[in-house]
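First comes one chain, alone, set out as structure tokens in the form predicted on its own.
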Amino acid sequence: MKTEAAAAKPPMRDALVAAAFQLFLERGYEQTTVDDIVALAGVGRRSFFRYFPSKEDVVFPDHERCLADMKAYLVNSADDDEPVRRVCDAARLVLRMYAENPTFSVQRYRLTKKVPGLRAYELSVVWRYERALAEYLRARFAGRRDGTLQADVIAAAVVAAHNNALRSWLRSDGQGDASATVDHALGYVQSAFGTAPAPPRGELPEDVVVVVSRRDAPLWRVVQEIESALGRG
């Protein structure tokens, strides 16, 4: 039976992340070694590398899980799901990951800005998200003219819109409604590339009437032509 103290002790993976960030903030990223991290966490080097392949990975401990969740979400899409809306919703899974722990997310953002190597690592992670979105869209757009091009452009647009809004939220120290900010940004992608939902069964869309008339035609003649097109003549 676990004691109360043991139950309160964080899992080893979380303890390593907490120890790492404590040292990064106190000493700096470059000045902190894996040996320093495991000493503070009270574990051995082997335990560290069981969870994290490198020191860079401890800065991004949640991205592998989030990427797996995104891929599963896309794989489980229905045939009638609107593709652009689906990839926008998949991107919101990344936002949810950041919003789960705003303090940690803001600390990571600040650290990443200071360390070029971490910035490069982050870009590689972002590229993997974009590739997952593009692969889903390529499958949905198979057979379309320029389907691959459309898929890649839309995936890049989703990632750009999401990251623009996410960084804005992080720069504000995690204040405000992150979901609303990201929804606003992804709305641009949806309006530019998405397909409007079909009207409910039994409802017809409003008619659009186009009338071609001579430039010098009198106004009464134009009105007459419009009425005739509408069946009111």
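This is a predicted model, so every value here is computed, not measured. Numbers for residues come from their place in the sequence shown, where the first is 1.
Although not depicted, the form predicted together with the DNA is the subject of the following passage.
Although the partner is absent from the chain shown here, none of S105, L111 and W169 has a heavy atom within 4.5 Å of the DNA in the predicted bound form. Here is the short version: of D183, D69, D35, E26, the single residue with a heavy atom within 4.5 Å of the DNA in the predicted bound form is D35.
The candidate stretches are 160-168, 184-192, 61-69, 46-54, and the one lying within 4.5 Å of the DNA in the predicted bound form by heavy atoms is 46-54. The DNA in the predicted bound form is approached by G42, whose closest heavy atom lies within 4.5 angstroms of it. Shown alone here, A18 lies farther than 4.5 Å from the DNA in the predicted bound form, counting heavy atoms only.
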